[in-house]
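First comes one chain, alone, set out as structure tokens in the form predicted alone.
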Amino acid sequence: MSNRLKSIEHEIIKCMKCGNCQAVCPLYKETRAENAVARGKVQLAAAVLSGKLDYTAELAHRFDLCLTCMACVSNCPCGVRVDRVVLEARAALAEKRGLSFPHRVAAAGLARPALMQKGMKAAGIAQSFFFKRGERGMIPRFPVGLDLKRVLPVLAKKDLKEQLPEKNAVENPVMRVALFAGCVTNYVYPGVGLALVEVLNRHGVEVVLPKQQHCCGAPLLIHGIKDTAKEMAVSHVHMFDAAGVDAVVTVCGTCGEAFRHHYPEFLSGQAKDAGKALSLAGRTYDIAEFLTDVVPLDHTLLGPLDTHFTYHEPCHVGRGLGAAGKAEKLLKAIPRATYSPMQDPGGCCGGAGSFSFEHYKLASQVLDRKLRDISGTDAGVVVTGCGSCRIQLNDGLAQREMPQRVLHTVEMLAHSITGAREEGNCNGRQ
């Protein structure tokens, strides 16, 4: 019996097999397979605990098919934390069966910041050899483990940490915060980090960018590599505690969850680190939360944007951090900007980190629902708060030849504040 699954047996026992999760699970909607939905996965975990099932490849595949979007958790009348069941099952499977080669390579890179930095630099140089530039991004020239139709963003020539100084000061600051950028913002969308500094500086907030920060560890946790994820948590807890800031601000819900939820859990048994982790957790905010609850958005700074937009709420911002609706409230304050809500703004887009890379066809089926929802709004801009969602949405919009552009919440606010109000800045293709 696995100690990992035993540790969440109380969650497994809570499931009364009602099947409410079927109504909200994005993968069940596509596959109609019982073992794809939360109830089925909980029963698989129970079967392993009772000794009826072994740690087989088929079992690993079943637990791999989860977006960790937490729609089932939000809809469960018994409060079963299915996300914890899935993550512990994946960790147990990784221990019993080992990691696949791609996952071993990814883990080795993410766990070594210097290697990651060099690897991303090399990838930026090599990208044009393996990909050709399309209208909406980079398209594979060869079958390099990706669908040949896949459209990916161009890697930044200079990452965010190269573009920003460590200290972004203002006179008489009202607050001093640290930015945790995350890998996608640092290497793919550095403009999001630049926009955050612009917006916060205009609000009198000094922004510190600790240069030694690295992957938050959530991708490793999601693939069952918990021990390495814990080492990364220790590194960040010490780094950001030493920064002496009033708050930590994130631009990705998954990174925010790592600081707020996973780090205190990882370090709960370590006396010298647990207090620091809890302290940081209580001071970590997604940018939409920060501008709503901590330093409220100054509406007098906002200029008009003649933009028609809709908003896609990332799972780990809305359900993970409990910040549903906060970004929409901020964006609706922009003068002359027209907001058309989706029917299901919090519905998963199918990106889920590396899920769309490993299960492209299934992720695209999930994405189709989101694209139909976007299309129904007639909006020209899709705003979101997650780099992974942005990559997924961009790919889908390109595949379906839809004209919408995708922006991060803080980029939209920066456009309004700085006066970048021309149609080309906020509308049309990117």
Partner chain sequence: MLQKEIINELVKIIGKENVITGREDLLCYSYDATPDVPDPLPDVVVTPSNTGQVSQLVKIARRFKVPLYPRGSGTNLSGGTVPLKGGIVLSLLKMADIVEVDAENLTATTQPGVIIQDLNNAVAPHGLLYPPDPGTVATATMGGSVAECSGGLRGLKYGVTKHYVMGLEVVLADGQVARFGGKTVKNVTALDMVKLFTGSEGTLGIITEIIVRLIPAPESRKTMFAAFNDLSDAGNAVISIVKNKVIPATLEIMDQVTIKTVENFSKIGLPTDARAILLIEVDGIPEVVEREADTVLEVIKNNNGKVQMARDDKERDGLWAARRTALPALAQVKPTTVLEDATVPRSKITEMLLALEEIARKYNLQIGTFGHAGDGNLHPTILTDERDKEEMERVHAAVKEIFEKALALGGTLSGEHGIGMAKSGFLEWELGAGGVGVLHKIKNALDPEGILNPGKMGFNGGTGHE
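What you are looking at is a predicted structure, and each value in this text was computed from that prediction instead of being measured. Positions refer to the first chain, counted from 1.
There is another form of the same protein, the form predicted together with the partner chain; it is not shown, and what comes next is about it.
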- [ ] Please name which of the stretches 357 to 365, 33 to 41, 398 to 406, 382 to 390 has residues with heavy atoms lying within 4.5 Å of the partner chain in the predicted bound form.
- [x] 33 to 41
Open item on the list: Residues 13, 22 and 47 are flagged as a possible site; in the predicted bound form, is every one of them within 4.5 Å of the partner chain by some non-hydrogen atom?
Closed with: yes
Open item on the list: Just checking whether residue 79 would be counted as a contact of the partner chain in the predicted bound form - the rule being heavy atoms within 4.5 angstroms.
Closed with: yes
Task: Contact flag, residue 56 vs the partner chain in the predicted bound form, heavy atom cut 4.5 Å - done: yes
